[in-house]
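In structure tokens, the next block holds one chain alone, the form predicted alone.
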């Protein structure tokens, strides 16, 4: 009989550890061997000796943390390829979260576990879509695992932004969005909606936009958002880190309309307390319906929940006869609480 994954995957202070393979998945502390699901800093930390990840994730880690930050030894593995480490077969399968994001598929002695990292099911032209994989244990995130979180189509939210631009053509629309993934996705949504003018970037977003284009994701004309030229930014779209839209930087723009693109904008009180005039519910995480749909599609009789609102999700699974278990891994969270990027000449 194949061994249950709980006999060979365990939670440690460093993170989730594959014992027969001798490696960690998204470890929170420096380790000898790490498999990294994606480049957000709550999953990709510096200081590991050997790092296995998709080529795009390794490139993102180097851009954010320097060459050494992505591991002393860096081993790229493309989706569909298989690597065997001490008898454990490792595959990376697209997660649909951000460019390069992947689920980790582990097979050992006839038993299979899939560690999702972060994922979403909505369409996103900046990264490969999520692929369900049947398994014995599925390890899922639960960032938005409450029934109140049902994300609208992102095209509808983009239309809200363009409608506001038409109503207030003399005001600068500054949109808070995370530097990795959300920024580039929003740019692509705007291009698809017909916005052809240059999109202006806070300095903290420029590096990863350049990297995305290098990796084959076209973004169209971009320009630096220099607040000294605020008159030239009337009627323009400016993208900036969420923290920047709340400080003096944004207030120096021309009568700014403050927006934030985040799944958390579903919570009106959160938007109000942050001074957000135009909340845009655009998320790179699965919502309540997509979390439950994904769990049903992978067909795992047991699901482990790594972070977020695990109690509601575990209860919902129990009603369907699926065993749920909260892992309580330390250090994982929403990417908007991630380490800030350097705010170069904005």
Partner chain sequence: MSVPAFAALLERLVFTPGRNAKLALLRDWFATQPDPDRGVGLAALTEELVFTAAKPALIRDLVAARTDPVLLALSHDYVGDFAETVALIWPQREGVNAPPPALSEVVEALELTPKAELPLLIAGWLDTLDSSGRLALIKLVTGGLRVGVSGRLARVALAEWSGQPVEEIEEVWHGVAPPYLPLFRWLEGAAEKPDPQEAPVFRPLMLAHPLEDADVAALRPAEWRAEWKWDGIRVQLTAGPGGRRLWSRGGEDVSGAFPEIIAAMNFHAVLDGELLVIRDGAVAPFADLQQRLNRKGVTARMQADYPVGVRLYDLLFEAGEDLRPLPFDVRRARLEDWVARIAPARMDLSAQIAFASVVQLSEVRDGARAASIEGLMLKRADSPYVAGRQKGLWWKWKRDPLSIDAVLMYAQRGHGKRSSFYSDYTFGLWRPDGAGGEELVPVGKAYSGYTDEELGWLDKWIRNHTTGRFGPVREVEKALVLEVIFDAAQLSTRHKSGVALRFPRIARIRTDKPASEADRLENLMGYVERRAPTDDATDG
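Residue numbers count along the first chain shown, from 1. These numbers were taken from a predicted model, which means no experiment stands behind them.
This next part talks about the form predicted together with its partner chain, which is not shown.
J.: Is it true that 171, 272 and 276 each have at least one non-hydrogen atom within 4.5 Å of its partner chain in the predicted complex?
T.: Affirmative, all three are within 4.5 Å.
J.: Do residue 163 and its partner chain come within 4.5 Å of each other in the predicted complex, heavy atoms counted?
T.: Within the cut-off, so yes.
J.: Residue 63 versus its partner chain, in the predicted complex: is there a non-hydrogen atom within 4.5 Å?
T.: Looking in the predicted complex, residue contacts with its partner chain do not include residue 63, since no heavy atom lies within 4.5 Å.
J.: Taking heavy atoms only, is residue 149 within 4.5 angstroms of its partner chain in the predicted complex?
T.: Answer yes; at least one heavy atom of residue 149 falls within 4.5 Å of its partner chain in the predicted complex.
J.: Examine residue 304 and determine whether its closest non-hydrogen atom to its partner chain in the predicted complex is within 4.5 angstroms.
T.: Residue 304: no, not in contact with its partner chain in the predicted complex.
J.: Only one of 83, 105, 217, 267 gets a heavy atom within 4.5 Å of its partner chain in the predicted complex. Which one?
T.: Contact with its partner chain in the predicted complex is made by 267 alone.
J.: Can you pick the stretch from 313-321, 51-59, 293-301, 32-40 whose heavy atoms fall within 4.5 Å of its partner chain in the predicted complex?
T.: Of the options given, it is 313-321.
J.: Looking at its partner chain in the predicted complex, which residues in 279-309 have at least one heavy atom within 4.5 Å of it?
T.: If the 4.5 Å heavy-atom criterion is applied to its partner chain in the predicted complex, 279-309 yields 279, 288, 309.
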